[in-house]
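In structure tokens, the next block holds one chain alone, the form predicted alone.
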């Protein structure tokens, strides 16, 4: 929420908006973490650290998740219908 606050909003309203945005970002992070973990990490833990394949899978998964989230945000912000 960088930049100048919209006209007509007081500090309390801006704080409420910031709290909602933080809740959204925490929820997004938790969903991404759970989704990529379930997809990339074997349920049978053999090692205390991620192996190279798991690490690579998580990197790709997180990258794709953020990319799609940004695309959806841009489409919703532009008001265009999805293709």
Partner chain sequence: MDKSMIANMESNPEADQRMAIMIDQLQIRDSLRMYNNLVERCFHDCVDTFKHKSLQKQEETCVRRCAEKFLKHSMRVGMRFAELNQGAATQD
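Each form is matched to the other, and the largest set of C-alpha atoms that superpose within 1.5 Å is called the rigid core. Worth saying up front: this structure is predicted, and the values here are computed from it rather than measured. Positions refer to the first chain, counted from 1.
The protein also exists as the form predicted in complex with the partner chain; that form is not presented, and the subsequent description refers to it.
Within this chain, residue 63 lines the site of the partner chain in the model of the complex, having a heavy atom no more than 4.5 Å away. Although the partner is absent here, residue 74 lies well away from the partner chain in the model of the complex, with no heavy atom inside 4.5 Å. The partner chain in the model of the complex comes within 4.5 Å of no heavy atom belonging to residue 68. Taking the partner chain as positioned in the model of the complex, the residues of 27-43 that bring a heavy atom within 4.5 Å of it are, in sequence order, 28, 29, 30, 32, 33, 34, 36, 37, 38, 41, 43.
If you fit the rigid core between the shown form and the other one, you'll see the Cα of residue 45 move by 2 angstroms or more.
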